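Single chain ahead, written as structure tokens, the form predicted alone.
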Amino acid sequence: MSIQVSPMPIPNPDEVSLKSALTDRDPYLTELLNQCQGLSIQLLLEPESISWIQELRDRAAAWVRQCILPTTKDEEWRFTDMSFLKQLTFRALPQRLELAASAVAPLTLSEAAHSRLVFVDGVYAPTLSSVASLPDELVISNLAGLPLAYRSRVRDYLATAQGAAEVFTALNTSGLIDVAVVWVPKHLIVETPIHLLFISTASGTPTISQPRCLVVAESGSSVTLIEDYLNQANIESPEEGEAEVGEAVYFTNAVTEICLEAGAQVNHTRIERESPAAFHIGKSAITQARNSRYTCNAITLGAKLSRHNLEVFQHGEQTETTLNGLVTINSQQTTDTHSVIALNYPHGTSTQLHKCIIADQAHAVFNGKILVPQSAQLTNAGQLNRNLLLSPRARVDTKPQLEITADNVKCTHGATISQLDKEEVFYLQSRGLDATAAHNLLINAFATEIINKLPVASLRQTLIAAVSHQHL
């Protein structure tokens, strides 16, 4: 038995009239689609490339028109209410706002000062990007900057990961205008971390942007990626930990596809620190071939409502998957993490630790699935969700989930929900700390277990400061 997700259906033109009742089923979703489809493909490509991208967009759009926006009646969305999204009308910007290099500088990482791609409102910003310190063999670019030899190869990977028919993933594909591409050739070890920085400039009218990433790690290669989503006003001086909260209302609908070929290693850190009034839907679709090693460190700090769909599909034996997650929210934020690890082959290993810090009236959702069919003998999988509630009105819905039909495996899962230990707080106060400092020390200790796993020191410092500031 193998775990399969149906490919994106392509309506037959001869049957369009017969399916008219299913077309444009959701007027709100159709309006979002029209906004995204209204953006032209802003690429300097040959007509042949433009043609297949447009075909990809049209096929996705035909599917979106037959979908509806998820509701709490859907099992995968039953704890996350999307209805208040419909109270806003989002507009797709025809062109991005120009940003000065000095404005972007505080958002960059010192370790990746010359190994970054910057996208502003979903559009590539070459003047803000820098790849000077990377190996010549490495390909890191938007679509227009790709060498000709790679343009046809990208076509074989883009929008091919399982789960392409999920409604927000298809919506992203339907509005595809550009792609951040990282292509690591065989046996290349990239020592410098690569920073993919996605900046929103929304400040007035609610806007929608749909960033897209494609990462291909060929056999025997290794790379470290930082995927970073934020609003330009959110962080003014990250090194000092000073935050200026932006109240911009916008919708980021992001999709990242990562393909690891045999023996490849990818260390992937995904940071979501959007405006507290923003909406963020993200998909990470991971394909692992034999003997590959994938690590994801997913950190969620911002947005009024955020959802991360993390899907890992094993396509060969002896893969290793490590998922580390940290959610820290307050006020009335809602964050939803849905992960799937589909282990279809023997000798797979997966480890998942997902931690949530929830304050005020915030709401966290975790649903982690590990799928182990009969073909995945000798699998070793572990999953743990730990939650820290800082307020009587904070809420968490957690559902660690194993689906096992193989009979020779070692699999565990669990979840814990707790508050700060009063005895630990008292002990710290007895050593001279006031109540606030004692609480912050314990909160930081809870978060640091995940943050310390990040491969970039400056990012670790920034996030520890952000967590401290958020729960003052």
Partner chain sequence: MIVEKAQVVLSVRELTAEVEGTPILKGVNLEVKAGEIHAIMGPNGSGKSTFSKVLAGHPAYEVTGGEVRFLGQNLLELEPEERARAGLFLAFQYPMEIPGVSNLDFLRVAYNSRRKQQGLEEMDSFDFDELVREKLEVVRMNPAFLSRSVNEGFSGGEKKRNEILQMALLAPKLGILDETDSGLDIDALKIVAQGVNQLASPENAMILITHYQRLLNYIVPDFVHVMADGRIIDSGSKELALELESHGYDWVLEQAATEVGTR
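Remember, it's a predicted structure, so these values are computed and weren't measured experimentally. Residue numbers count along the first chain shown, from 1.
In what follows, reference is made to the form predicted together with the partner chain, a form of this protein that is not presented.
Only one of the listed residues (E403, E424, D58, D26) places a non-hydrogen atom within 4.5 angstroms of the partner chain in the model of the complex, and that residue is E424.
The partner is absent here; in the model of the complex, the one residue of I50, C411, A415, L433 having a heavy atom within 4.5 Å of the partner chain is L433. Only one of 61 to 69, 403 to 411, 30 to 38, 434 to 442 lies within 4.5 Å of the partner chain in the model of the complex by heavy atoms, and it is 434 to 442. In the model of the complex, the partner chain sits within 4.5 Å of a heavy atom of Q429.
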